[in-house]
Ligand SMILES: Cc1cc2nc3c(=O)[nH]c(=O)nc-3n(C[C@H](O)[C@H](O)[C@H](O)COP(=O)(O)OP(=O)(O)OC[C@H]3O[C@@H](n4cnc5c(N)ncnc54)[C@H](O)[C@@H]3O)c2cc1C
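Read the single chain below, which is given as structure tokens and is the form predicted alone.
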């Protein structure tokens, strides 16, 4: 049985009001049926509606129930594997297209927020923080790489400049990306859902897809209803289950943990992050944090492979907070939650088509906030017959995790342990 209530997160507690969206209880017809009302599904719906399609969205729980409503709230450009990795593994034209698209998701978010007047506490500015000289050299190379693809809004930060943007002694430098930033992620999803409905789109919550009827006239079945459509978009990501077995075989749900402290007050918050930028470090298993609109520190980190919920999230995250900010030793944590994202072996998104009329995008591998908004545009273009950008993603090679579904979790965890040791000892 799907948990149909939001988890007890800070985002759920501070969510904007949203209407009740009743479950599907009848048989209907539409142009496009989208499975999943997270960012991928909502972005696809908006682009399709703006192009004149009729759209119905089926959501197993509530809008933004999965990663879209639980993530760290950071707008981070590019993909989980950067463009240099893509350049080494694909042809020049595919690399050019993917490089051009790497910074589009952040622009789409800002356009949506502006066009539809979405109240989601949008702030500009994101910092990549280096803990070692090796990480700093990587950031310098990343800055050059991104500028080569037409992304100039980057500033290299030395140690002195770094201390001006974040009161943490661990960092030796960093890069500031002013097109990065942060948002209240659940309120962004709720605002996009309202925009979908304002354009005539229909969203049914508590309406899990239990079967996809493939063929020339595809349909999606729920427990109490059915949607016939010309096209289907599968956008369930880490919460898709085994609905599409061939997608489940090449991906793995992973859990990440996030906490929100008590409100810190303006004065203390200003000493920690004076410009209100968000921060993520450069470790393989990275930490990331930012301030909320009411000046709570929202801090995330750690990965649980296989998406089990850890017993005590605070014991995982509090030591990370105190390592960065020892001055917060007496600060109370008000909320702690976990959420799943979908990992692929390549760390690049899986995009493709099943037959002629079922499209999918999944496996953001931790870079979902911006990528999913781009994915919605790419999928909508493909349904309109403009498939060049879709094909650039669809052409990426994907492989099953070693060990199959039984051993993929321990083997991946062992690999992550190895890389985290490399981070710890700086090699």
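Residue numbers count along the first chain shown, from 1. Please read these numbers as outputs of a predicted model, since none were measured by experiment.
What comes next is about the form predicted together with the named molecule, which does not appear here.
- With the partner removed from view, the residue among 209, 190, 83, 162 that has a non-hydrogen atom within 4.5 Å of the named molecule in the predicted complex turns out to be 209.
- Contact with the named molecule in the predicted complex, defined as any heavy atom within 4.5 Å, is confined among 68-76, 147-155, 164-172, 89-97 to 68-76.
- For the chain shown alone, residue 325 is not a contact residue for the named molecule in the predicted complex, no non-hydrogen atom being within 4.5 angstroms.
- Although the partner is absent from this view, residue 261 stays clear of the named molecule in the predicted complex, with no non-hydrogen atom inside 4.5 angstroms.
- The named molecule in the predicted complex comes within 4.5 Å of a heavy atom belonging to residue 35.
- Although the partner is absent here, residue 350 sits far enough away that none of its heavy atoms falls within 4.5 Å of the named molecule in the predicted complex.
- Residues 58, 59, 60, 61, 62 of 43-63 are found to place at least one heavy atom within 4.5 Å of the named molecule in the predicted complex.
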